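The chain that follows stands alone, in the form predicted alone, written as structure tokens.
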């Protein structure tokens, strides 16, 4: 892994409008799926984004991959600002950026053979090479994802494959153009536990052989700790903590991260002490406050948390956290700014 930045996200925001009220008195309320996040992904790194369903991690990945337009902010890839590209320019750069979707059952056309599924990206981006060359590329890629011999698989339809084999084909479709960057959106969550390790190891091997840079989306901290160099923890559209994987696992700082780690380390302890770690509830973007996004579920009472939004503050090295209780220096600085404003 190098220090060169491949992907940089600046103040990325995605908002939706939600209608509330009765039949004749409906109000439009802005709901932030992703709220002013900043991220850097280094070349050759796997950055994990972890959080509960609805926290904004998949929306973030879809905006980076240009499958969803942002409301505001910037996305830079290898020195190019993607948000300013037109459709033609976006198509050119798509060869270098690919996504692996969560559900292989939905993302593979049931009426197409594996050969046809893998032929599509080649026809779209490598129209200048012959059909025979494309078939040879497909066979090489199918064996690369450990479906051997390739001739036994390329003429099958998705329903003739197991769930794990289908996801391997989905991975092959994403990497057959040899992209520089891949977003993997919970690629093992729909699979049996027995085949998940094989898919994770395949992704790690492909990263090593191809030099891939990856954004790995998951709700499972154990999977993130196995796969990722760094982990960003999201809650209600905000990044609340980010740092080296070992720092996050062994020295979690934000109350939400502490609760997630506790579940993985000792489930019995988490169940017995749940009220001390996290209040009951779930991610609800419609209940956004002007203060900390986690304030409604945080076990630590503090008036400031309900009214002032914390900012990511550096703790040490590449470890950042967004929490008033931890960022004492930041707390003091904001108090001084408030006094000066008066």
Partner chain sequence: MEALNKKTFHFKEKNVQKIEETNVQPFSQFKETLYYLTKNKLAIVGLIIILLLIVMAVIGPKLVSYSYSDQSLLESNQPPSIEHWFGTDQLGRDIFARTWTGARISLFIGIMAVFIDLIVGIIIGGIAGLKGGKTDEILMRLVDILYGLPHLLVTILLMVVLKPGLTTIILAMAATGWIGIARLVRGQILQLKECEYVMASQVLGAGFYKILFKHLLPNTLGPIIVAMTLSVPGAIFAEATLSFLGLGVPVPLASWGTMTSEALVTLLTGHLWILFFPAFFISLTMFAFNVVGDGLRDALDPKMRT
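What you see is a predicted model, and the numbers here were worked out from it, not measured in a lab. Positions refer to the first chain, counted from 1.
Although not depicted, the form predicted together with its partner chain is the subject of the following passage.
Note that among 230-238, 216-224, 148-156, 266-274, the stretch whose heavy atoms approach its partner chain to within 4.5 Å in the model of the complex is 148-156. Remark: residue 198 does not count among the residues lining its partner chain in the model of the complex, judged by a heavy atom distance of 4.5 Å or less.
Proximity of residue 143 to its partner chain in the model of the complex falls outside the 4.5 Å heavy atom cutoff.
Its partner chain in the model of the complex comes within 4.5 Å of no heavy atom belonging to residue 71. For the chain shown alone, residue 97 is a contact residue for its partner chain in the model of the complex, at least one non-hydrogen atom being within 4.5 angstroms.
Of the residues given (308, 315, 311, 65), 65 alone sits with a heavy atom within 4.5 Å of its partner chain in the model of the complex. This chain is drawn without its partner chain; in the model of the complex, the residue among 136, 160, 205, 246 with a heavy atom within 4.5 Å of it is 160. Residues 98, 99, 101, 102, 103, 106, 107, 108, 109, 110, 111, 112, 120, 121, 123, 124, 125 of 98-130 are found to place at least one heavy atom within 4.5 Å of its partner chain in the model of the complex.
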